[in-house]
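Taking the form predicted alone, here's one chain by itself in structure tokens.
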């Protein structure tokens, strides 16, 4: 969608949409979007991510107690993606090899990963793992109608998480903050393959719910003695790396800025901010709601341009958002994809993070947010360096506008090709019957 080396250079996509490519790169923070091929759906993405995880960690089927899937782009209204994945894995490990492995599908828009993870953590904390592990996989395909505002925030991806006792990467704190309301900011009707989004309203819901979840986390964490901010210290000072749900990178950056404003008020550093950019706008000072919202937007932009904000943002958040900039929105998979990118990047820079507390903020339209925290473990660098995000991103094949629109609309590809890229050592969708049942196989 945009050439990062030449932001003002028109691209095939920007020309077709009569738009400025710099708007994608600087306005929302996206350069490219990931699009699934004809043989890929959310089940395929999940199975491939899980298979890679099992293979890399040399796990045996008997060691895995549960494989749970978080998605809002499920392939069936009854049979969960987890069951299809179960069948695909047994093609590689043998029929019946996972018969004692449970699985279920979680759905609450993009926050469902946090729900699935919390369930696995509760299961382990309750002492029910008995030496076995669980896997949580987020898999999604973000899709909006062609030539609509949401089109530029599409994407696709999956991320698989291994949960076990004595983790090598992150050890989660047993405090999780929650905030939930019934909102109409985003939904996908049963009759539609694309989502409906009320963009500006959804941004407000994101910020409100994220603040509420973090406040709920803070209340529990402070009362239990998990954290104890000192005089003149912000709660955010207690954290190293932080990751947020990423509908597009600028939204995650704005979410982090919103939290800093929330927790810096009343501190001397906030007095310095006020001296530079003035007092925050208040609704009571404006006759019209629109005037206040414009003033608030301008104030947020000025705050995000301050050196104090930029230092915190670049240290704690920015490096993870490279993943979203290069792949777009993967819904339930977006936060953990960016978190793992953040950890891998810092590991390759040899950052000293052992024992540091980090945080995750997940938002799901509809609307709910969850805030969790974790401690970085001794072996984190070894694990994080194996993620291979840049290699995966570079391995993708560029598609033309004609190919993209054919994939998006389910039309035949140009030149009567079967696929954009031939499958190789991966699970693929091979057939959907007249009754809607899906068949998969492993393509060597």
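Positions refer to the first chain, counted from 1. Everything numeric in this text was worked out from a predicted model, so none of it was measured.
Although not depicted, the form predicted together with acetoacetyl-coenzyme A (CAA) is the subject of the following passage.
Partner contacts here mean any heavy atom within 4.5 Å of acetoacetyl-coenzyme A (CAA) in the model of the complex, and among 155 to 163, 250 to 258, 228 to 236, 130 to 138 they occur only in 250 to 258. Relative to acetoacetyl-coenzyme A (CAA) in the model of the complex, residues 23, 26 and 144 are all within 4.5 Å by at least one heavy atom. With the partner removed from view, the residue among 203, 184, 219, 280 that has a non-hydrogen atom within 4.5 Å of acetoacetyl-coenzyme A (CAA) in the model of the complex turns out to be 203. Checked against acetoacetyl-coenzyme A (CAA) in the model of the complex, the candidates 197, 75, 353, 170 yield a single residue with a heavy atom inside 4.5 Å, and that residue is 197.
Residue 149 belongs to the set of residues with a heavy atom inside 4.5 Å of acetoacetyl-coenzyme A (CAA) in the model of the complex. Contact check for residue 243: no non-hydrogen atom falls within 4.5 Å of acetoacetyl-coenzyme A (CAA) in the model of the complex. The closest non-hydrogen atom of residue 365 lies within 4.5 Å of acetoacetyl-coenzyme A (CAA) in the model of the complex.
Taking the partner from the other structure, acetoacetyl-coenzyme A (CAA) in the model of the complex has a heavy atom within 4.5 Å of a heavy atom of residue 110.
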